[in-house]
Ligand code: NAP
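Here we start with a single chain on its own, the form predicted alone, put down as structure tokens.
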């Protein structure tokens, strides 16, 4: 397929690389060209603008950080909706707003795009590199069938959740769970520290019990190493939790998620938004006066 790929960050770059290696013709655009250079070395074409990435493609994929970035990529005067060739399928794989996904699908229905699918992912950079992502899809079923071979390069689990916006809604469910589990891991690690336990031995016991999970392994091993660099940025988790809370409409229905959102904001204020989500440990340590 001729693919336009917009957004080459922690997740977008390895996902685009898989499509290049699978033989697709990929034109990439990113606000910072340097982040796209490894993809150009693999054979991608550089697109100097969103419009250039979107013209004359079979598929256009967006993988961006915030809903406002997604809206601009699609709805600007020289955005995807304005320049895409008739029959192009657009896929927003960002984690974004269900309402925005529904709006973009409606816009597509009145123009040349065949469809705009919302298809956010879970699995982190490791899943992006290995093609083992879980992909949450909302939107037109016929369009999904057309791009299924492309998604199969990126993920091992592709689930159609329903009409436009439902993929984003399902991803926000995932993010609420990720947030609460991550906070739980951070609190458990702090408890192990306070008890004077050896973190590696504690993890050996935990990972084979009912609490074991890839997220436990990831966060715990990073904490044990004192590594707060991102697999997933805390600012992006805060954004996702704000979207989840807005979607539900009443924080009292998601009290744990609301609490973790507030803790994420505290980490962003103290350390900046580029630390990994395991930096939530700092709020627990600070509450008891340790570093």
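Note that the coordinates shown come from a computational prediction; the quantities given were computed from them, not determined experimentally. Residue numbers count along the first chain shown, from 1.
From this point on, the text means the form predicted together with this ligand, which you will not see here.
**Q** Counting heavy atoms only and using a 4.5 Å cut-off, do 23, 88 and 148 all touch this ligand in the model of the complex?
**A** No, none of the three is in contact.
**Q** Would you point out which of 52-60, 25-33, 219-227, 252-260 contains residues with a non-hydrogen atom within 4.5 Å of this ligand in the model of the complex?
**A** Contact criterion met by 25-33 only.
**Q** Since only the chain is shown here, I'm wondering whether residue 124 would be in contact with this ligand in the model of the complex (any heavy atom pair within 4.5 Å).
**A** Looking in the model of the complex, residue contacts with this ligand include residue 124, since a heavy atom lies within 4.5 Å.
**Q** Is residue 7 a contact residue for this ligand in the model of the complex, using a 4.5 Å heavy atom cut-off?
**A** Yes - in the model of the complex, heavy atoms of residue 7 and this ligand come within 4.5 Å of each other.
**Q** Please determine whether residue 64 contacts this ligand in the model of the complex, using a 4.5 Å cut-off between heavy atoms.
**A** Heavy-atom contact with this ligand at 4.5 Å: present for residue 64.
**Q** Consider residue 69 of the chain shown here, and say whether it contacts this ligand in the model of the complex, taking contact as heavy atoms within 4.5 Å.
**A** Contact check for residue 69: yes, within 4.5 Å of this ligand in the model of the complex.
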